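Only one chain comes next, encoded as structure tokens, the form predicted alone.
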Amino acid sequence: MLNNQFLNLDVDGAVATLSLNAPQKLNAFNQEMRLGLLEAIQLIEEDDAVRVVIFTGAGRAFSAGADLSEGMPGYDTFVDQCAAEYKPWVMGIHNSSKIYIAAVNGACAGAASAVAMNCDLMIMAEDAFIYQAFSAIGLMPDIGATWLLLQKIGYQRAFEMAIDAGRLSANECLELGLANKVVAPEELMSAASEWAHKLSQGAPLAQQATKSLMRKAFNMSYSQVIDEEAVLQSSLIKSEDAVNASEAFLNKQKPTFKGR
């Protein structure tokens, strides 16, 4: 059970919804929220029943990024603060075997843009936008945003976004491949929930293997990827899920996946 005034965690069967809950400050990441996110991600990871996670923000924004009014309480440098309060839960999402969907409403700025891009999938409201606010206050992208932007939109566009306080609308994010879907604002959470529940009925072992390899493939050669695919596929072929699904396919039936 998560006890944090700045976060809400709800579980509905195989789908968890993690909501930032500081709408009066556009869900800016304060220290209590950051520490709570580490706890929340750990709780989600320990819950074997949860297969898909929706990450969103309460109110009219996903998040305005870091709460700059706090400074760095308890730390001498941002290096120390990042290592303790950001990187553990961001990498928790990155390394998780579960699927994370960012449901982006309104502003998604600064550090929050890195969090949204770090999720496996993204659905955005039509009036939502991603804003690289860092250079507007004399800073550079952080929490992995430079890596994520490079991987997703290429050097020239990523560099422009970083140094020009770039802002991308939901439709621009869709065109660039940052977002998977764009829906009306009033449909965001229902569409995200429907998508999450559909994904939760998929083949968990195959989903986990695909995420694991795709997260590593950027740092591997084509040849290495082919070899790793073969290793993972060999294991999947022998799984109960694949055997039963193949039989269901031949009998024109819908398969039921059990994760084994």
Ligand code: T3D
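Source: prediction; values computed, not measured. In case it trips you up, residue 1 is the first one in the sequence shown, and so on.
Another form, the form predicted in complex with the named molecule, is not on view; read the next lines as being about it.
Here the chain stands by itself, but in the predicted bound form one stretch of 222 to 230, 62 to 70, 191 to 199, 40 to 48, 62 to 70, has heavy atoms within 4.5 Å of the named molecule. Residues 144, 159 and 216 are none of them found to lie within 4.5 Å of the named molecule in the predicted bound form, as judged by heavy atom distances. Under a 4.5 angstroms non-hydrogen atom cutoff, the named molecule in the predicted bound form has residue 81 among its neighbouring residues. Although the partner is absent here, residue 167 is a contact residue: one of its heavy atoms lies within 4.5 angstroms of the named molecule in the predicted bound form. Although the partner is absent here, residue 133 is a contact residue: one of its heavy atoms lies within 4.5 angstroms of the named molecule in the predicted bound form. None of the heavy atoms of residue 209 is located within 4.5 Å of the named molecule in the predicted bound form.
A heavy atom within 4.5 Å of the named molecule in the predicted bound form is found for exactly one of 99, 107, 102, 149: 107. In sequence order, 24, 25, 26, 28 are the residues of 21 to 55 having a heavy atom within 4.5 Å of the named molecule in the predicted bound form; the partner itself is omitted from this view.
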